[in-house]
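Read the single chain below, which is given as structure tokens and is the form predicted on its own.
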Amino acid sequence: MKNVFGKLTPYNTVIHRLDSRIKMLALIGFMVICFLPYGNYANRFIILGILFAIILVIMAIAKCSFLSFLSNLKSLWFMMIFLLIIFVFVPQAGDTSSYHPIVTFPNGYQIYYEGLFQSLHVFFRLVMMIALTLILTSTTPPMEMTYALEWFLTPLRIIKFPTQVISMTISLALRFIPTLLDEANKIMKAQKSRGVDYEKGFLTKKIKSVTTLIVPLLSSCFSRSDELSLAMNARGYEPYGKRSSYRILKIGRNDIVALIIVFIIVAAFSTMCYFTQNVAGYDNFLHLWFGIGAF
């Protein structure tokens, strides 16, 4: 219920004033460099740590709440345990002769440091994905996202792809995320007043308790969607008709500067990836740093 995705924080920062298309391109660029291979685990954690520091600086500029960000990480503990089970406790496939064991059991089963590092690596990437998504959703109004998506999908109009319908559907989904969360919170409080306990008991009891929340919430969702469709029809909305836009997206000077900065960051991390993967002798980060400087 404490999820903040989809909620706009109305501040007048540089990030808020940027064009939504630039912010979406920056999001894609940062996500790409998050998943680039950077050689050994030492290089990966150091380079991704630098990238995470850049993301935190952007969050500070955009005045995103760090407490809200930390509260959203609570839902990742189950994912972290799942990753540990997969990468640490499940036997490693392939050649494990170069792996470094942590524990060796009497039956010969071994737990390796590489499995632990891999799970931490994946978890670190998920944390950065949440931070990037939080920056976008908290600084960009849903309608601006709709305009940006429609602009990116414009080339698909050649093959008669309904870009306006898709962008409007995504916009409505983003808009109703916080509304549905508030509705679920109200239903949960009403059910608690009737004696339903969502926290205590075994798993089977909790599943039965959740049904008292899901059924009214689904009913509310269908009711709201029906009311929304009637309201859009009453206002003459034609999804496949030719429509004009109230707000015209324009690229300004700050947008160009931001795009150049994002391009420099993506190029720098892509260069690090190239050196760690294709140039011999740059498996150490210090060697990598001085090698890039000399290059």
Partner chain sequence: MQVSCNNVTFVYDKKDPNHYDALKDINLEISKGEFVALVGKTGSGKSTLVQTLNALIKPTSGYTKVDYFIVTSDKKLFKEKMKELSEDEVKKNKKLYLLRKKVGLVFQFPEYQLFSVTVLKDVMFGPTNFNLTEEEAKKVSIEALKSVGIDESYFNKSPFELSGGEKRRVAIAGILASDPDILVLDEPTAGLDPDGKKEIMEVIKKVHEKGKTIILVTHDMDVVMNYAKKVVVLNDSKLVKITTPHELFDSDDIEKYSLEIPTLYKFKKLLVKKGYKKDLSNVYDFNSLIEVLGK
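If you superpose the two forms and keep the largest set of C-alpha atoms that fall within 1.5 Å, you have the rigid core. Numbering follows the first chain given and starts at 1. Fair warning: this is a prediction, and the values are worked out from it, not measured in the lab.
This protein has a second form, the form predicted together with its partner chain, left out of what is shown; the following refers to that one.
Indicate whether the candidate residues 72, 74 and 178 are all in contact with its partner chain in the predicted complex, with contact defined as any heavy atom within 4.5 Å.
No, the candidate spot makes no contact with its partner chain.
Exactly one residue in 224, 192, 157, 100 has a non-hydrogen atom within 4.5 Å of its partner chain in the predicted complex; which is it?
Contact check passes for 192.
Name the residue from 80, 166, 196, 116 that puts a heavy atom within 4.5 Å of its partner chain in the predicted complex.
Of 80, 166, 196, 116, the residue with a heavy atom within 4.5 Å of its partner chain in the predicted complex is 196.
Can you tell me which of 141-149, 81-89, 157-165, 182-190 lies within 4.5 Å of its partner chain in the predicted complex, counting heavy atoms only?
Among the candidates, contact is made by 182-190.
Just to confirm, residue 173 within 4.5 Å of its partner chain in the predicted complex by heavy atoms?
Heavy-atom contact with its partner chain at 4.5 Å: absent for residue 173.
Is residue 219 a contact residue for its partner chain in the predicted complex, using a 4.5 Å heavy atom cut-off?
Answer yes; at least one heavy atom of residue 219 falls within 4.5 Å of its partner chain in the predicted complex.
Examine residue 206 and determine whether its closest non-hydrogen atom to its partner chain in the predicted complex is within 4.5 angstroms.
No.
Find out whether any non-hydrogen atom of residue 212 is located within 4.5 angstroms of its partner chain in the predicted complex, and reply yes or no.
Judged by the heavy-atom cut-off of 4.5 Å, residue 212 is in contact with its partner chain in the predicted complex.
With both forms fitted on the core, check whether the Cα of residue 210 differs by 2 Å or more between this form and the one not shown.
Shift at residue 210: 2 Å or more after core fit.
Core superposed first: is there a CA shift of 2 Å or greater at residue 222 between this form and the one not shown?
Yes; residue 222 is a residue whose C-alpha shifts (by 2 Å or more) between this form and the one not shown when the cores are overlaid.
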